[in-house]
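As a starting point, one isolated chain is supplied in structure tokens, in the form predicted alone.
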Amino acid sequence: MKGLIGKKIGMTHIYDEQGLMIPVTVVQVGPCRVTAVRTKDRDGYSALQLGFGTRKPKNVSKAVRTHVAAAGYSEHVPERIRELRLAEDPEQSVGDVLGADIFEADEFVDVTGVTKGRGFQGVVRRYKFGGGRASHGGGWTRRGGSIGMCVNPGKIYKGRKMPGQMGNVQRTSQNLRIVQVRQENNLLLIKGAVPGANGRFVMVRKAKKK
């Protein structure tokens, strides 16, 4: 299992050798510095703890500054720290730097991110309800309709689809193909869309179901 922390730059399109247009999402992955190594003998599981981005040391706690100092962070600290679970103990050590070169073109990845927040929305937009009729006396075009029973059971069942907060949840897009790897800029050009707004952090991992 391999993966990196990245940042969604935005969407664009490129052309292949046949002249076909391919919509791609540009994701900056790395450079990610290894801040800690987890092994089965010592920690009970295998993982790499990665740091990405830069942040002023005064904006984090002393515990975080001390923790990342062993990885070579002195003038700044990583903006994001995430652990990547592995099947076997990692070969990397604390302080190693990983970039986009660990991925290859035509490889499939899973991208995890936080979707765009849509605020409080009704059932028509949130769950694609059809709503009521717009004529012949219908006065509830965008409402959800009946939500419960009167006498028995006399309550609303849990899980009923109703208006509420939409978006701003973690989602994973699976089996996305890497079209290009630009190692000099640590960029991945991934076919299709990935969750989240431009500038948000994402986690790019090797696809589990391929």
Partner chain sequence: MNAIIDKINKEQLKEQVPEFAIGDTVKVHVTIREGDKERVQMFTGTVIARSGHDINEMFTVRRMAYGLGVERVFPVHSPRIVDVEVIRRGDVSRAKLYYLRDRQGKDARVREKLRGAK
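Numbering follows the first chain given and starts at 1. Keep in mind the model is a prediction, meaning the values are calculated, not measured.
One more form of this protein should be noted, the form predicted in complex with the partner chain, which is absent from this view; the next part is about it.
Taking the partner from elsewhere, M11 is found to have a heavy atom lying within 4.5 Å of the partner chain in the model of the complex.
In the model of the complex, Q28 approaches the partner chain with a heavy atom inside 4.5 Å. The shortest heavy atom separation between T39 and the partner chain in the model of the complex exceeds 4.5 Å.
The shortest heavy atom separation between S61 and the partner chain in the model of the complex exceeds 4.5 Å. Comparing 153-161, 180-188, 47-55, 31-39 against the partner chain in the model of the complex, the single stretch with non-hydrogen atoms within 4.5 angstroms of it is 180-188. In this stretch, 139-154, not one residue has a heavy atom within 4.5 Å of the partner chain in the model of the complex; the partner itself is omitted from this view.
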